[in-house]
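In the form predicted on its own, a lone chain appears below as structure tokens.
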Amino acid sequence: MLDKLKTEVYDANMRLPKLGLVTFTWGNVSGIDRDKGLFVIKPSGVDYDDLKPSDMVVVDLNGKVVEGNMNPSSDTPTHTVLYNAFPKIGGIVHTHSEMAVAFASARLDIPAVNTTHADTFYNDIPVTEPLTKAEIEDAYEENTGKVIVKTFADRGLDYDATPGCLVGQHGPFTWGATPDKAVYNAKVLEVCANIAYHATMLTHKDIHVPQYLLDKHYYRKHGANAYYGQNNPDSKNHAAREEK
């Protein structure tokens, strides 16, 4: 069942340790088949060196296991909430990457202080309020997803333009059109957190990137007039070419 997606999700999970985003088994990737209403996720607590594509667990959008011999990630209810709330996403990543967790621990947004951030995230990367005692004791992982959704709703944020969030006192979740893109966003988030930390240690001024520069860098990679790279809508028209 969903063998191609299982391989895709397995490959995305295996990129996490290669990119320095996980320690031990502290992370997971999932990917969804929207037509079938099923997603595939890493099994819980299995060492990356021991993982196989066939170990990936198939789950429905009610959070019920459809196929798999192992227990799915303990974060499966969080993924379930996000897939239901954010219908355009195709993959989700959760890690405990160190600098992102530092910002989550301090309950601080990761500020947009440079074009590195603006290329991928259109806003400061938000941090949620910590979960309450009641939320932790009853349906903890489900409430983790709900607090992410609430944060985006309360702040009026577009989940497509800001594809990641810090859960207060916990860590980062990112998403994207595919599992691989969600992994990419997880790495970018960690890099942005690291840069922002060092930049804010150097000055106490507000060093947010100006809106016009943020707009330029975000929209040259995203949207109808994007021209960065080879395959964006306006890529072929951006470079001046010699007439033949």
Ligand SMILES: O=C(CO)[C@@H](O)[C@H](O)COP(=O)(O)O
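Values in this document were obtained by computation on a predicted structure and should not be read as measured data. A residue's number is simply how far along the shown sequence it sits, counting from 1.
Omitted here: the form predicted in complex with the named molecule. The next part is about that form.
Ligand-site call, the named molecule overlaid in the predicted bound form, backbone or C-beta contacts under 2.4 Å, 3+ atoms: With the named molecule superposed from its pose in the predicted bound form, the site reads as open.
4.5 angstroms heavy atom contact with the named molecule in the predicted bound form for residue 128: So residue 128 does not count as contacting the named molecule.
4.5 angstroms heavy atom contact with the named molecule in the predicted bound form for residue 170: Because a heavy atom of residue 170 falls inside 4.5 Å of the named molecule in the predicted bound form, the answer is yes.
Any non-hydrogen atom of residue 117 within 4.5 angstroms of the named molecule in the predicted bound form: Result no; residue 117 lies far from the named molecule in the predicted bound form.
Contact test in the predicted bound form: residue 44 vs the named molecule, heavy atoms, 4.5 Å: Heavy-atom contact with the named molecule at 4.5 Å: present for residue 44.
Contact stretch among 90 to 98, 117 to 125, 145 to 153, 159 to 167 - heavy atom within 4.5 Å of the named molecule in the predicted bound form: Heavy atoms within 4.5 Å of the named molecule in the predicted bound form occur in 90 to 98.
Members of 54 to 91 lying within 4.5 angstroms of the named molecule, judged by heavy atom, in the predicted bound form: Going through 54 to 91 in order - heavy atoms within 4.5 Å of the named molecule in the predicted bound form - the hits are 73, 74, 75.
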